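To begin, one chain is listed below as structure tokens, in the form predicted on its own.
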């Protein structure tokens, strides 16, 4: 499926990123595995980068070859980290990398952003002012932005995923003239090294979600869906946000709308 394809995977050292890198490599992709830490197991060529640092991202893009066929934006920080760091990596750094890499991507390439069930609130009217303001957000302004919009604690993670989903939707046709498409995948709770951070931060809410689900997700549940959206078979899917969460999104929708 991926023979002759070059795919960049961020967050490739662990969790969903590592599973996605391995899944792609096993199916013939040349994987360029990006992370701030070296991966525990090799799946492709490792490139170190700090997605909170524009200089580091510029150096990464310069080191990447021309003709990249896919970008899986999976790197992210949990809500236990400082709010400005979470927004910088999960949103600002992701967008910065993507827009700078697009000129080096092949026509017909695919971009997949790892969002989250935590971004469900993107459609609520109260979320719109901050999401709109984030369209022009750069690294230098993250601290002031978070202060201005009351983004602190766990809210930083929720906001970063809300804004990421909207950014994906808005850019459904941005690079259509070159056939480059962008979509998102929204997992629910997944058994990765940062799952404990979510339970610790969200407390009773997270515990209720875990009781509702038959089990948390596994990285191997998410990786094939990311890979599908990267593949040529998904060429007619643009600007979509696919929930991969064991039914939690449907459960929440039914609750919200009284069904």
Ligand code: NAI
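Keep in mind that what you see is a predicted model, and the values were worked out from it rather than measured. Residue numbers count along the first chain shown, from 1.
The protein also exists as the form predicted in complex with the named molecule; that form is not presented, and the subsequent description refers to it.
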**Contact stretch among 122 to 130, 146 to 154, 74 to 82, 170 to 178 - heavy atom within 4.5 Å of the named molecule in the model of the complex** = 74 to 82
**Item:** Proximity to the named molecule in the model of the complex, single hit among 230, 223, 33, 190 (heavy atom within 4.5 Å)
**Value:** 190
**Message:** Please identify the residue among 13, 248, 25, 242 with any heavy atom within 4.5 Å of the named molecule in the model of the complex.
**Reply:** 13
**Message:** I have 5, 70 and 102 flagged as a candidate spot, so tell me whether each of them has a non-hydrogen atom within 4.5 Å of the named molecule in the model of the complex.
**Reply:** no
**Message:** Quick check on residue 134: any heavy atom within 4.5 Å of the named molecule in the model of the complex?
**Reply:** no
**Message:** Check residue 110 for me: does it contact the named molecule in the model of the complex (non-hydrogen atoms, 4.5 angstroms)?
**Reply:** no
**Prompt:** Is there a non-hydrogen atom of residue 183 within 4.5 angstroms of a non-hydrogen atom of the named molecule in the model of the complex?
**Reply:** no
**Asked** Does the named molecule get within 4.5 angstroms of any non-hydrogen atom of residue 45 in the model of the complex?
**Response** no
**Item:** Residues in 99 to 129 close to the named molecule in the model of the complex, defined by a heavy atom within 4.5 Å, in order
**Value:** 114, 115, 116
